[in-house]
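Heads up, the chain shows up twice below as structure tokens, two forms, tagged structure 1 and structure 2.
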Structure 1
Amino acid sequence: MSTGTLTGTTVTSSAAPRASKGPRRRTARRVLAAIATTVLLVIVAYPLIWLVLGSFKSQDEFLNNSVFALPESWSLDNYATAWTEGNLGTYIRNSVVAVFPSLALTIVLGVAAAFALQVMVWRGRNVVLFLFLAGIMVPAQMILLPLFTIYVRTGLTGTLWPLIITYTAIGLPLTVFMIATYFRGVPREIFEAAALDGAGALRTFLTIGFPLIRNAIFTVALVQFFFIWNDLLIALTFTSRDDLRTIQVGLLNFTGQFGQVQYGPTFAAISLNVLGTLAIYLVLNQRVMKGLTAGSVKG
């Protein structure tokens, strides 16, 4: 009883002075936080806003108006020029044709392998798992030259196959690693019960394992999509012909195509590349953030 009163008095006595000076300090803190947040968001967003505004400006506006000026009109001419004269349509098509098959292959092969390595029981699985993980650290430069030699010898260089094959193989270590981690989180009893009920291993994988981590698979696929779609090195090495270039390689060579820098179409081309990713990101931002931070081992 007496201790109760004691703590009661100390609380009120210490709370009283705090209450008198609290609100002002809190407001000051809030204003500071608001200013810091605004500065941060301007740093992040301004370059992108400036980019998109630029995609609407004419060459004349670029050379004569202030860089901070708004575009005089909002026509899509620059986008049309980028699409047709800049071959952007072809580049995007090539990217789609190279990225989605490799994405599907990486996921199917990787998830199956992760199941065999994490859920199934056999000697030597840790060695194989380690072999896959070692691939995360190997710089792509280490495999470029042998692959280039093989692709030239087999005549694959005139197609998009080198990209599909290389992306799939490079994506496997991270996919196996991440999916195996998800399988580790599933209670073993579920798989054992399925086995007891008479399901074979393949059936257990297809009807139990795969659906159980469906969401995880989607997240991993999203991460791999960003890695492959944004790749420059592999695409630069294995696409010798202009009509096979992916969007990133095409963009890299974009300014050169017009001779003197055509600012409008260049800005439009960059904007298209950015806006596409922005759309995916805005819809799926929670998953992208979670997936990328979980799968960041690839660096």
Structure 2
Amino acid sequence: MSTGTLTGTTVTSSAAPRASKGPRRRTARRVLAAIATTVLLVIVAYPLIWLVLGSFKSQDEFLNNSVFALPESWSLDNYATAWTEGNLGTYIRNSVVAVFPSLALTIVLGVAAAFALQVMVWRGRNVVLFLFLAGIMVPAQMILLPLFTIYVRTGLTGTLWPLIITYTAIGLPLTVFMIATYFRGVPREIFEAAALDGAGALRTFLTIGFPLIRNAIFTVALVQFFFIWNDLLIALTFTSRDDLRTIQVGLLNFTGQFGQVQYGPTFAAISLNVLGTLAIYLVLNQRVMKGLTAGSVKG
């Protein structure tokens, strides 16, 4: 009896510390996760906050005060200067005119090509798909000079058409590759059932294929939008006049002679650019998350 009692006492005394360690470990993990999340949030958010705070500072504050000091006033003069004297409105208009037609052409042509290459069965589709994928490997710097020569001979320079054509051509390979991957995750029985019901290729694409991957299309469109909107190299190559410059090229105008920079208007212009794109991402955030996880589970 005494042995059994001692054994039972021993078991009970060793299980109690184990039971008490579980909540402590979970609490420690939560604290570490909270600390790591806070550190990451500060690393990501602080540069944006510092940028917005800098847009309210004067040139004298930038040159004489600490870089971490708060603005002495909250005047919007830098934003007014960036909009009027810096022609920010003209640059934003040019970006909108060049970006959204390019994005629309890239998505419409890319989704249609991906549907034809992945869903439809026809001879030579693997070769065409390989050619699209090969386009991803071509650096943009290699095609700028030949394209510039073609645009000069065709008389397209002095307009925004070179930007629209170039952005569409560069965006198509990646769009076709990503959308074809999403189409590969859709069960073939759906398209076969539509064919048995008498639906043609165009009707199957518009009423079945396109709605099934609409969240993936939003994701790809957002990726292409950020690439085109933030482009500097292509826009700088094909826009020779100041009234045709996009916002990324226009920001270079805030650097004056001998490298002198008007920091306040420059920070204000960059803040408007960043906050605009951030607002678009926040609006489409949920659809982007759904598009990223669309291929993870097959139904």
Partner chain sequence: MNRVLGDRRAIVVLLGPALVLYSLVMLVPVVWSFGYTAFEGNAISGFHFVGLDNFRELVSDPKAHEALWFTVRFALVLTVVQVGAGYALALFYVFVLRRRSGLVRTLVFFPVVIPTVAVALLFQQLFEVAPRTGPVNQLLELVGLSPVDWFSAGGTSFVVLLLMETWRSMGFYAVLLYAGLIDIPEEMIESARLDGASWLALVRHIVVPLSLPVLLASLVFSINGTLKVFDSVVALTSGGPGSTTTPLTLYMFQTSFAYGQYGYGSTIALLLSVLCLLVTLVIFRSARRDATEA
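Just so we're clear, the structure is a prediction, and the values are computed from it rather than from any experiment. Residue numbering: structure 1 sequence, from 1. What we label the rigid core is the largest C-alpha set whose atoms superpose within 1.5 Å from one form to the other.
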Exercise. Any idea which of the pair is the form predicted alone?
Worked result: 2
Exercise. Under a superposition restricted to the rigid core, does A36 display a Cα displacement of 2 angstroms or more between structures 1 and 2?
Worked result: yes
Exercise. 2 Å or more on the CA of N65 between structures 1 and 2, with the rigid core superposed, yes or no?
Worked result: yes
For this session: Examine L232 after superposing the rigid core and state whether its CA is displaced by 2 Å or more between structures 1 and 2.
Result: no
Exercise. Core superposed, what is the CA shift for Y281 between structures 1 and 2, in angstrom?
Worked result: 3.4
